[in-house]
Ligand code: DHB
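Next up is one chain by itself, shown in structure tokens, the form predicted alone.
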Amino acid sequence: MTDVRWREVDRYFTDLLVRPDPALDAARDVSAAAGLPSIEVTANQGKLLQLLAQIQGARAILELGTLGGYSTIWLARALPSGGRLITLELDPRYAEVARSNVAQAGLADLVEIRVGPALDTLPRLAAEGAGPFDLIFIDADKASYPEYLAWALELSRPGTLIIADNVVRDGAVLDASSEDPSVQGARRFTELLAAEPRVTSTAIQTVGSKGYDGFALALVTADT
């Protein structure tokens, strides 16, 4: 199977199962025009995140890594009336693009974008009593995934679903000797999940228009 075939299959399922959406299309176009990197989730993956949030019955969602707000929109649309989503973004320019995209999607009242290093913002959220969150989506710098997991657990409750993107790294996660901080971050994150008695977890490999990667999913089963 080739990348071309993966993209064709992605397009097949997207055309059939993911309806055209002007707000999401605009968010992607505006982000690209602003020079943001094209590293957001695919439409199929965004729909998966939305379905998982709906299955979870999530009323409070935390996202690490806003980028242009594409995945933020998918997740926020899963929220019921009175729900809330807090998303963390390092780059102020990305945050401004995301804020505009979220507003254009009619979700500004549900979404709060916090700007700055996540490892600075997460302790403040804990101190504010912002948690527990029902779903936490981690899609920020991979080298910090182990630290993000620790804070995700701090901001969780039994029943919280934690999802981490980009844990396969085109298969490089197998390479224990890799000097890539993203690979080592993904490896350590997975090892911590395996050793963590408060969660039950798994990982799935994905292929598609964004290449070969995968998600890790962890359900918190005991008090954190």
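For every residue, the number given is its place in the sequence shown, counted from 1. The shown structure was predicted, so the numbers you read here are calculated from the model rather than taken from an experiment.
Beyond what is shown, the protein has a form predicted together with 3,4-dihydroxybenzoic acid (DHB); the following relates to that form.
In the model of the complex, 3,4-dihydroxybenzoic acid (DHB) sits within 4.5 Å of a heavy atom of residue 169.
Using a 4.5 Å cutoff between non-hydrogen atoms, residue 26 does not count as a contact of 3,4-dihydroxybenzoic acid (DHB) in the model of the complex. The shortest heavy atom separation between residue 39 and 3,4-dihydroxybenzoic acid (DHB) in the model of the complex is within 4.5 Å. Annotated contact segment (heavy atom within 4.5 Å of 3,4-dihydroxybenzoic acid (DHB) in the model of the complex): 135-143, selected among 135-143, 99-107, 149-157, 76-84.
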